[in-house]
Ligand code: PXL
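Only one chain comes next, encoded as structure tokens, the form predicted on its own.
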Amino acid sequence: MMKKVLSIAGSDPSSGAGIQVDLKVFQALGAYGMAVPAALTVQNSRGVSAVEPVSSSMLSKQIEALLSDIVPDAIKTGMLLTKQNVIAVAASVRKYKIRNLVIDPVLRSSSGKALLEPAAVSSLKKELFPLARIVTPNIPEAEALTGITIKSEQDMDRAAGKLLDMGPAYVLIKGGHLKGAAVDTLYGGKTVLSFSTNRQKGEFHGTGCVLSAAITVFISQGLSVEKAVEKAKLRVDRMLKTARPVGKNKNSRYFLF
């Protein structure tokens, strides 16, 4: 049976990140993809220049209409922008008893634009994290969420422990911002697992979205979190090798499907 997966995230008009790229990943991996926009962005290959939230009432109505009819096998959240939207998503996840919730805690764009308002950070940690099967921060996000500066594996371990205390079953800290190989580390199971791939040169648009979307599909298919992360990491590594610029910013490469 085809699995149904939902992305609740921001809209990227260039389709390199957000709900647009999530839908591409879902389709590529054989799932039936659905999407609810939580925020709109003004962006292109040069970066994000403006953001605007979908109202929490409209967000709630979209999710309610969808989940009352089509219950997804897994849900992924990305950019939610406001405290009210975080609370709205958490209420829906609780109401429909969604077990497979993947949270990509999008805080800021690579060009530096805030994608989660400061007032929403505590709500993300208190309302959504306890409902999550897995949370997938990169190092700057893990630092912002925990207050721990990450310069080493030991720092990463401490930050992961603090994140796990917030309630998710698993935490995947993406180590692409550290020097050396691109090592992502998974915490929460019986052992700490590290997934290492060779670092690809250049800038890539939407890497975190693509990885978390792939994890969401594999979890929806019944794989363990450990296996889902392993498969998603390998898939993204292959796709990085074929990414190409699509806009005037030749340094920003987009995933091709």
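Just so it is clear, the model here is predicted, and its values are computed rather than measured. A residue's number is simply how far along the shown sequence it sits, counting from 1.
The same protein has a further form, the form predicted in complex with the ligand, not shown here; the description that follows concerns it.
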Contact test in the model of the complex: Ala17 vs the ligand, heavy atoms, 4.5 Å = yes
With a 4.5 Å heavy atom cut-off, would you call Ile173 a contact of the ligand in the model of the complex?
-> no
Does Ser220 reach the ligand in the model of the complex, with heavy atoms at most 4.5 Å apart?
-> no
According to a 4.5 angstroms non-hydrogen atom cut-off, is Leu115 in contact with the ligand in the model of the complex?
-> yes
May I ask you to choose, among Leu66, Val54, Leu193, Val48, the residue with a heavy atom within 4.5 Å of the ligand in the model of the complex?
-> Val48
Site check Asp12, Gln43 and Ser109: each within 4.5 Å of the ligand in the model of the complex by heavy atom | yes
Could you tell me which of 35 to 43, 195 to 203, 226 to 234, 58 to 66 sits within 4.5 Å of the ligand in the model of the complex, going by non-hydrogen atoms?
-> 35 to 43
Neighbours of the ligand in the model of the complex among 64 to 84 [non-hydrogen atom within 4.5 angstroms] = Met79
